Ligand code: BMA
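Just one chain is shown here, as structure tokens, and it is the form predicted alone.
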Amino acid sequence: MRKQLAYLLAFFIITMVAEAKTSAKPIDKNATKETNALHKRLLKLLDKGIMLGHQDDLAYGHGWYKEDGRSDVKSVAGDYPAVIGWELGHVEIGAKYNLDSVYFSDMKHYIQQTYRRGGITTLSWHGDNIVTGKTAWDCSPNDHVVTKILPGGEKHGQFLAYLDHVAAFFQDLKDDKGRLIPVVFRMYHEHTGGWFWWGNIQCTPDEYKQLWRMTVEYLRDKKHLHNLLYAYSPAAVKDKEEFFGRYPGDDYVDIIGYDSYAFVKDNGIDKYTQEMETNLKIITDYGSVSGKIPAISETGHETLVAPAYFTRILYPIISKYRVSWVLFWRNAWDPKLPDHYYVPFAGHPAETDFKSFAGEKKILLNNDIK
């Protein structure tokens, strides 16, 4: 009897997973043909492996800025990342370049290049604090930014103007045939921490959910943007209750991820491995029954001082899970930030380790996903 129940339970779980995968579609019922194709492709690639991603990979790297065709990942691994991340911070105020000195006109060009190669683009947004006029990190709880930008708030109209600038950027992302390029929009991330104006100290769970839903509805229904997949990514959490405490609902999220970084001090590597296991289990378990696509939306180990970070620390963990991509943070070009990099460059001591990691059959670079 117990064996029969076990078989029935296994059959039920397998059936649920299969149904979730086949029935999953973008939350935008009017998503473009290309956006639907991207969503379907992401689901299919889960069976092939984990895509390697890197923030700002084409715009600059360690010791260089704006050199056409260059990439720190390519210089070591022999190919471009499958996923490239970008930052929209300051597009909302009409600036010509973003927080990390990448011109938005260049960013569009890089996204077009990536799409042409068959790669995938994801974009985060550290929008300015509309109350103080300072950065996203200026976040006193007393500012009540989220309360003020929700409908009825004193800054609501001004914030919609911010979203108009965001929408204009996405509306200008077009391929060689004039079709909108589908991208992943990862907004209001790391909200389980208190370091951004949309964080858990600055607003209530209900206010955060309202902010998320308002943004999706404005971009999708008012601005008629149909080339976006929406990614939800808290900072690493301790359990699924914390992960879903501010979750806006399945009707507003396509991709579920999280951000986690490895530090050496105070048993940081042990903490990192525990965080990765906990959060990977949360997103992959939920993805398997909901059809949401799981991803490691940000990770890395600054300066790469821990021996064999990629092959001995990271890969043994992530290789156990069906996760769409792992995105490493940026390699700063600024000589004032010589230690701010997350993938090795040519000549770095971790070069061989990274090359071995990228060479694993389960790790996918750009040419692996064409």
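Fair warning: this is a prediction, and the values are worked out from it, not measured in the lab. Start at 1 and count along the sequence shown; that's the residue number.
Here the subject shifts to the form predicted in complex with the ligand, a form of this protein not shown in this document.
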Only one of 309-317, 63-71, 325-333, 30-38 sits within 4.5 Å of the ligand in the model of the complex by heavy atom distance, namely 325-333
E87, D79, D138, D143: which sits within 4.5 Å of the ligand in the model of the complex by any heavy atom?
E87
Pick from D100, D106, E207, D128: which residue has any heavy atom within 4.5 angstroms of the ligand in the model of the complex?
D100
